[in-house]
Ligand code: GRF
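Taking the form predicted on its own, here's one chain by itself in structure tokens.
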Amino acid sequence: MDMIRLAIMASGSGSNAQKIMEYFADNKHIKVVCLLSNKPYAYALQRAEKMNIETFVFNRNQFYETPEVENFLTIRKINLVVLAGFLWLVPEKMVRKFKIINIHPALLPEYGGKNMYGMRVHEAVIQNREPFSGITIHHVNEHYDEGNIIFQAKCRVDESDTAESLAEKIHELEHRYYPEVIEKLVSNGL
């Protein structure tokens, strides 16, 4: 089996990126090659640098108006782009060129779409008194959170939960399942 080369895209702290980089650190078939961010101060960049993973920071113009980001990924022979807290909509030309997956901190199709990310999702779930929340790992298409669902895991939302305590439960699910689902996807030929 040829080495499968992953690129991670993150906009923030990068705790999911960290778990993915650690999970595949010693893998003989899957390698995290680079981490890209649209935020020059994203902590995800520091996490990648500590693990000797190449980083690339880009701006809105480079992402939407030029082929710079696509070229960066193509040159590195990336097989799968993994979004891990990346907040911009991926341009259609990139969606057509690369296999891209994302993780969403709710059970799609509910609580998805533009501006539904991070604490906003958890606050909406609590406000609506949902009995469950969870994570959705899905293929990326040209619309926010509308790609085909690959995997979901759920957790109970307790009466006493706050957006913060629910966020912790969701992080546990993300950290546990995202690397495993990536590995399964790769072993099933993407």
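The first residue of the sequence shown is number 1, and the count goes up from there. Here the structure is a predicted model, which means the values were calculated and not measured.
One more form of this protein, predicted in complex with this ligand, exists but is not displayed; see below.
- P179 falls outside the set of residues with a heavy atom inside 4.5 Å of this ligand in the predicted bound form.
- Using a 4.5 Å cutoff between non-hydrogen atoms, I103 counts as a contact of this ligand in the predicted bound form.
- The shortest heavy atom separation between K169 and this ligand in the predicted bound form exceeds 4.5 Å.
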